[in-house]
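The same protein chain appears twice below, in two forms, each given on its own as structure tokens and labelled structure 1 and structure 2.
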Structure 1
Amino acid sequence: MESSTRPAPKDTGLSPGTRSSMLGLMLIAPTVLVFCAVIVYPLISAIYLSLFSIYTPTMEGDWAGLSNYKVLIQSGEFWRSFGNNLVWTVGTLTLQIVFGILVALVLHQNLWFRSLARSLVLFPYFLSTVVAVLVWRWLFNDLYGVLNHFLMWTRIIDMPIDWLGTMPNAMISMILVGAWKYFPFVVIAVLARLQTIPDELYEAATIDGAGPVARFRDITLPQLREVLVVIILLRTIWDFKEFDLIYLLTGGGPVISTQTLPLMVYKEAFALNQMGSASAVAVMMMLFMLVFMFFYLRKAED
């Protein structure tokens, strides 16, 4: 690739191909260095820490072998958190997908002020979780929250609801807020795909007498299949590891009814000061996630 008009390279005795790949390596070197320092090292270190029993404030501890894991596997709290994590992930993901596809279909139509509508719908996704949670906690407020007032005014309920302090309300509220915050991701991805489905497909189906429902089932859904698989994998991974929204909205409460694995890691490490067993929870959590990460990586290869 090197041009002959260039001043001859200093006599390194290397072929142009080798010199080019050396430049390539030099350019990637900062990335590799940073990756090793802030990702690879902590990752290995997390696994290593999980083999110790460490008191967080002093950062001192003793070798514990696999006992952290043994305690975890026998602990009800760990499996409860895992169960909560599944309920939260499946619940919020289902709502995100169903609602995301619905809104994408609506926004795909010829709507007045369509671009404004699209911007407004996307907004919750980019909003800070702190802001989202503050707003929703104000809406959920049992005495002055507008949600209870509205539901009582429309006679749907006759007593104010405690949205965050009891079960199953806390889990339902959490799933709803998660769906509200993250469904725009599905909207954007599905909208982008909808725009590439050729109109002829719909025209042909209409001529054949297919109604709107049949067209959606026989054309839209199959065309969306590929992108939906990618969305579901990505959102499963992201929802599974969600910390901010749950921690800020319910804090895992009441008691541990909405505590998921990321919250358990935080609690073990910084409230109970058990850094070793916190690391063990984190490593276990990563093992669960690896399944989905593996599938996503395989998908991304194509």
Structure 2
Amino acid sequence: MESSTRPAPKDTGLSPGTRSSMLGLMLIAPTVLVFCAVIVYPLISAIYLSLFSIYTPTMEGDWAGLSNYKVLIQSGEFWRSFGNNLVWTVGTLTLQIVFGILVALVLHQNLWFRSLARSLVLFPYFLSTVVAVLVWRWLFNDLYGVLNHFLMWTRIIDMPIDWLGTMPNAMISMILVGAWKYFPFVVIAVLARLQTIPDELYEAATIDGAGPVARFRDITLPQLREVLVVIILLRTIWDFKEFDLIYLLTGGGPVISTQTLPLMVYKEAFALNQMGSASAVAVMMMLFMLVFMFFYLRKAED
């Protein structure tokens, strides 16, 4: 029986370490290509377009340099939209945190319907934004809305209120809907952290005579601090760039009273056909959001 011999591998002239490095590069190459296609290229394109005065339908225009940014800085509409952005972000984030913590504390208790409640509380977060806004617009309708009907039936108001067509009702309504839609994210994160807090800490505090408020202040809040910082940073970034909910609910109205920077980008690009100016607004938004990203990345490294 003839003995079979395995052919010797070809000598490529590369060391094992070099071959391993090349293999690693080949494996991450698809990810790098996707990253460049969906993040790097759009970012560079936005910065490039912001330096031109471009007509959107033809995507042709002339060099403008920094004039788009100069016009924005001197524009009252830009600063009004930025102010609306801050009001929206701070308002909805505050309600998300408050209601998220309260609901998480309730769902952490030993309730007989806890499993069902934990499932139902996620409903607003998983519900389509379009469907949620349609339901809320029907509730807020000044002629046949359920909210006005209920308030008039209980004699709280005498006449229907225009919830989405006047200020400050429009901004308040928008913040309430945003908080309702996104507070389940806070509930999930806080509830997960609550389940990791040792029961021995609460037992020791109870023996020392600490009441519910003292236990929450001295044990629960310090234990939640780390996760709350991450939640606030993430939700701030996401809420700051929110578009669809605001656009579908108020469209930025009345006039521009609830117009935020994402809506201004859409308006400049597709209503006024000024792609260069819209890109400049988007770049300014990115600069604002980089501040939050900086803190988030620093927190992630800790």
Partner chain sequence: MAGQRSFARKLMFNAFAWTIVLVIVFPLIWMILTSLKPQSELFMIPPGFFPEQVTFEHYWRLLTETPFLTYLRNSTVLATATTLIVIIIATLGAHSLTRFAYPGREFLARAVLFTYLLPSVVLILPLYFLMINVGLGNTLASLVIAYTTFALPYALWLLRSFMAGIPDDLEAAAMVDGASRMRAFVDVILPQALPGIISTALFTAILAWNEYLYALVLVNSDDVRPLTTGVMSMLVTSFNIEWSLLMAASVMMSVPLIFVFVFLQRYLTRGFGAGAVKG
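Note that the rigid core is defined as the largest set of C-alphas that superpose within 1.5 Å between two forms. For numbering, take structure 1's sequence and count from 1. Please read these numbers as outputs of a predicted model, since none were measured by experiment.
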query: Identity of the form predicted together with its partner chain among structures 1 and 2; finding: 1
query: Exceeds or equals 2 Å, Cα of residue 287 between structure 1 and structure 2, core fit; finding: no
query: Distance the CA of residue 22 travels between structure 1 and structure 2 [rigid core superposed, Å]; finding: 2.7
